[in-house]
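The chain that follows stands alone, in the form predicted alone, written as structure tokens.
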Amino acid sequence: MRKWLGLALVVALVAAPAVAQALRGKVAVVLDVGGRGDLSFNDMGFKGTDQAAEDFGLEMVEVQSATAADYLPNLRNLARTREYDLIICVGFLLGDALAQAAEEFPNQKFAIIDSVVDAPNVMSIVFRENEMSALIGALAAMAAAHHGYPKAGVVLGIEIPVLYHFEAGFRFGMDWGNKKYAAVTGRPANVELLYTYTGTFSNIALGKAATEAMLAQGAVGVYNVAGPLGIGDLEAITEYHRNKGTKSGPPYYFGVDANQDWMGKGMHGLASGMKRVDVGCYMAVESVVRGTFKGGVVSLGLKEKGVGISRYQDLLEFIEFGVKAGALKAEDIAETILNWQANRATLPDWIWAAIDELEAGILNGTIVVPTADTVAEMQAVRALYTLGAP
């Protein structure tokens, strides 16, 4: 997950140079086994920390974990040096190791993304993924109904609480989208959900196979909720279009975490559920720099610009990210933008306006999107929004 920081950070960056002159220290970012190069979650964590280090005059050290057994040793090795102003753990999978390390090194400041560690020296940064996933789910349902597709799909990674947030929001959004389509057009919409937990974030081939199965069942598109696995999702969708001889329209790819709309030169990415891990990491570093760091939970949703659905400005920002990551050629930028615009134009304006309406309702509190943190809570959401799926 690499990427340029978005507009949400502009205000924070304005005051950065003055602080940077006053501080010289070190910050470390520890990645889980997913690793760099996913153009999504992990790259986002790296980029947010790297940008903060640059702005505030810090040295940044990146530590990649080869296996789960590396988590605790990596944290201990960093903490025992007493050199780091902050150690950031990127990923839910690091939670247990951090809980132990935080107890062993009570004077070391830590932050973690996607997990809650109850310790006074740990800032736990979580996201209301259900909110942005509701927007993607509504878009998927309305797109399916508009194009005459019976289903929409979501490919998820490991079955953990964080991913329940995505699934719960997507289900709610699809239900909202079905109802909105019927209300606007006067025609019933009963788009059904296809979903699968692959049990991995790294097996690209498994992601491709899962997507191929969903496309064969009539999915209008697939939402990637598995980080690097989404590369396989996009491969399946790209091959589907290649075989049909089409360049835009369904089936669509729905990106995750970063804005992934530019991937594949923008031909098939309709929208991304953006989870701004970069914003969370930057915020944690800034709190240490400004002396406001404190342990506890920080929750980021639509209101805090910690999550969102991708729009044109995000596309421009992430195209630059893709070029710097070596995943997009500079000479392909113009074509990518035109492809993205053509893909968006395959849906009528009223659908995009409906997404804005749903977002506004979530922001003003008139629409409450369900979430889930336990198996029982997720089962309850599934029972409420079955969408033809068990």
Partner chain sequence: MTGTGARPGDRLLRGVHRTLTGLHPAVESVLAAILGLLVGAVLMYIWGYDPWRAYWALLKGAFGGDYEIASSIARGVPLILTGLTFSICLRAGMFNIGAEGQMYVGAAASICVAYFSLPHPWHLVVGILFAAAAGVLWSLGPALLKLTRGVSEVISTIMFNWISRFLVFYLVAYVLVDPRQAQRTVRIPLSARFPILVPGTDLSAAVYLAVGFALFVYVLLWHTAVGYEVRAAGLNPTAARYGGISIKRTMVLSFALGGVAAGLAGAATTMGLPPTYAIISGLPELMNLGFDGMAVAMVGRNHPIGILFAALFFGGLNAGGRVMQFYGANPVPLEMVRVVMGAIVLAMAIPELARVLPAVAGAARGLVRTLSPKARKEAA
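Keep in mind that what you see is a predicted model, and the values were worked out from it rather than measured. Residue numbers count along the first chain shown, from 1.
Unshown form predicted in complex with the partner chain; subsequent notes refer to it.
- Just one of 283, 307, 123, 97 comes within 4.5 Å of the partner chain in the model of the complex, counting any heavy atom, and that one is 97.
- Shown without its partner, this chain lists 76, 244, 290, 179 as candidates; in the model of the complex, only 76 has a non-hydrogen atom within 4.5 angstroms of the partner chain.
- Within 4.5 Å of any heavy atom of the partner chain in the model of the complex lies no heavy atom of residue 118.
- Although the partner is absent from this view, residue 375 contacts the partner chain in the model of the complex, with a non-hydrogen atom inside 4.5 angstroms.
- Using a 4.5 angstroms limit between non-hydrogen atoms, residue 63 touches the partner chain in the model of the complex.
- Shown alone here, residue 50 lies farther than 4.5 Å from the partner chain in the model of the complex, counting heavy atoms only.
- Here the chain stands by itself, but in the model of the complex one stretch of 166 to 174, 87 to 95, 251 to 259, 148 to 156, 87 to 95, has heavy atoms within 4.5 Å of the partner chain.
- Using a 4.5 Å cut-off to the partner chain in the model of the complex, not one of 213, 228 and 313 places a heavy atom inside that distance.
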